[in-house]
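So this first bit is one chain, no partners, the form predicted alone, shown in structure tokens.
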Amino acid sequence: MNIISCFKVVPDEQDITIKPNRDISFEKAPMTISAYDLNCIEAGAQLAEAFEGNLIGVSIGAKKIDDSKLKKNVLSRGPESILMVADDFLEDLDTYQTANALKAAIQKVGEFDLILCGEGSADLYAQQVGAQLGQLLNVPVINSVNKIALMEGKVIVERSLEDEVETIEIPLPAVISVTSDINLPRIPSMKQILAAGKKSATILSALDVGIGDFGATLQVIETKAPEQKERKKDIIQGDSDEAIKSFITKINKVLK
């Protein structure tokens, strides 16, 4: 059983700062695994452990994703190896270009039974890459999955819809996008972190996997943080009828 978990590398949101002119600064933000893809990696690790499968992590992006600390972070979470395509023109891709680049990387990996993707990325959250990747690979694809059960030659998944739980049977190979409700990502132990240093991490260029220059389809004109409004600091204390009446009056004025 060959399982691939796709993951995106993004700036750590905890270290993103806002400048006085409302520009968003990534200068102090290290690269990390997209939060939604932590669930994707964990789902792959659990399936690989349960069915004695082989889990491979795959990612594409700019050269800065080739980071030793980040690679160890991924490998300590379950994958036996990772393959990363690191090339500067793979930055700021649209979803279809991302899916094409992932397809090229996966074809370099070889045969697969199941490909897992996160429901979206922590930076764009377009929720399109998994579906487009399945289409490009010409295999069944389904999204919003919060439970997976593997059987011989097929996978049974569950999706929680607005008023019902949908159970679907899909033949393998397939591409599945999982939600953040599917599991709680593990915190790697010291043993797993040390073992990660002995695992394989393959870094390739775009030419190595046969990707040409896509050409930019997106242009970011400006990114600004929302304007911050000063708080009124109008505090009402107590739970008397008069205090409650005053609170309701002030709220109504704001809503109007």
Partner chain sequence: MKVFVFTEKVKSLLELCQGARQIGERVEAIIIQSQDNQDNGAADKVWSIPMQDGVMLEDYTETLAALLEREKPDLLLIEPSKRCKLIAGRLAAIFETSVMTDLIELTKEGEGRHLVYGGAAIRKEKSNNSLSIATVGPGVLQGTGEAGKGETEIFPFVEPSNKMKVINIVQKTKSSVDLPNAKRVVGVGRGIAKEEDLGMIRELAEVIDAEVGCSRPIAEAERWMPKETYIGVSGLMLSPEVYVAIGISGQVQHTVGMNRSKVVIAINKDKNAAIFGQADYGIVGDLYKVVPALVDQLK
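Positions refer to the first chain, counted from 1. All values reported here derive from a predicted model rather than from experimental measurement.
Unshown form predicted together with the partner chain; subsequent notes refer to it.
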query	finding
Heavy atom within 4.5 Å of the partner chain in the predicted complex - residue from A225, A50, L207, I203	A225
4.5 Å heavy atom contact, A149 to the partner chain in the predicted complex	no
The partner chain contact in the predicted complex: M1, any heavy atom under 4.5 Å	no
Exercise: N21 in contact with the partner chain in the predicted complex, heavy atom 4.5 Å	no
4.5 angstroms heavy atom contact with the partner chain in the predicted complex for Y96	yes
Residues of 155-174 having any heavy atom within 4.5 Å of the partner chain in the predicted complex, listed in sequence order	I156, R159, S160, L161, E162, D163, E164, V165, E166, T167, I168, E169, I170, P171
